[in-house]
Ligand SMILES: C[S@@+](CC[C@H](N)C(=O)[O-])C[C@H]1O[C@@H](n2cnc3c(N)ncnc32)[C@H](O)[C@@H]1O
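Listed next as structure tokens is one chain, alone, in the form predicted alone.
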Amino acid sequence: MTDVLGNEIFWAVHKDLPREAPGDDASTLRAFAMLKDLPAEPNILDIGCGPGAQTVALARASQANIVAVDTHQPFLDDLVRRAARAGVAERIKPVNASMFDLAFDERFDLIWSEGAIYIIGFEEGLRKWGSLLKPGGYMAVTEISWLKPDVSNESARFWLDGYPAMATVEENLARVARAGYQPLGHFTLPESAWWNLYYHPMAERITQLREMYRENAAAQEILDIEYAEIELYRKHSNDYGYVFYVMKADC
């Protein structure tokens, strides 16, 4: 029963958020600008696209044809609506598929993934998804990373439970090289990319759900857990952050 309730509340918290992970258009476009010799009309695969804020940003910034993959159909439906409003729907193809089992006849000039590669694992994703790239193709992903060697005990405990494979920027750059890529650049997303389109809307949603479930103690405990992540970042944003890693596959 608790698992069912937890799943229900998770999707209630995340429904219709502007983004499903920290990010913003400025960071998306900054990473995209690092790719200097893409074709005029590149083929892009956006893995774990969510509701597609970054997908639309990429389509508006280029003449790309984009395949956008996610397993949550409501996110893909939201992407279709966003793409239509932006006038780029004809160049975006939503596909309901798992990042663990991607099968495409075509190969891509660029693989993109914001806030999702942790699901498969950073190095595993780089290796497995790389088979879908054209020779010398590009990959750009965001990965939550430790920003310094000595972090607070509170941050360490939280992420040891939530994402024990989380690594430092230096460790992730070593993983990039081991997976067969040339690092082109990396940067940490600004704190505003966590708050403006992700944590602030999420906090408002949690407040609404507290009222909706005001007689349900189990639901309140689940909402406490959801909110704890927001408060942790508020106190310890210097410990960790999302980092954009941009790379080129070795030929």
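Residue positions are given as counts along the sequence shown, with the first one as 1. These figures come from a predicted structure and were not determined experimentally.
Quick note: we don't show the form predicted together with the named molecule, though the next part is all about it.
Trainee: Can you work out which of 86, 119, 80, 169 has a heavy atom no more than 4.5 Å from the named molecule in the predicted complex?
Mentor: Partner contact (heavy atom, 4.5 Å) among the options: 119.
Trainee: So which stretch, 93-101, 156-164, 170-178, 143-151, is the one near the named molecule in the predicted complex (non-hydrogen atoms, 4.5 Å)?
Mentor: One stretch meets the cut-off, namely 93-101.
Trainee: Answer with yes or no whether residue 115 is in contact with the named molecule in the predicted complex, where contact means some heavy atom within 4.5 Å.
Mentor: Yes, residue 115 lies within 4.5 Å of the named molecule in the predicted complex.
Trainee: Considering non-hydrogen atoms and a 4.5 Å limit, does the named molecule approach residue 58 in the predicted complex?
Mentor: Residue-level check for residue 58: no, no contact with the named molecule.
Trainee: So in the predicted complex, does residue 21 come within 4.5 Å of the named molecule, heavy atom to heavy atom?
Mentor: Contact with the named molecule, yes.
Trainee: Using heavy atoms and a 4.5 Å limit, would one call residue 134 a contact residue for the named molecule in the predicted complex?
Mentor: No, residue 134 sits far enough from the named molecule in the predicted complex that none of its heavy atoms falls within 4.5 Å.
Trainee: For the heavy atom contacts within 4.5 Å of the named molecule in the predicted complex, list the residues of 34-60 involved, in sequence order.
Mentor: If the 4.5 Å heavy-atom criterion is applied to the named molecule in the predicted complex, 34-60 yields 48, 49, 50, 51, 54.
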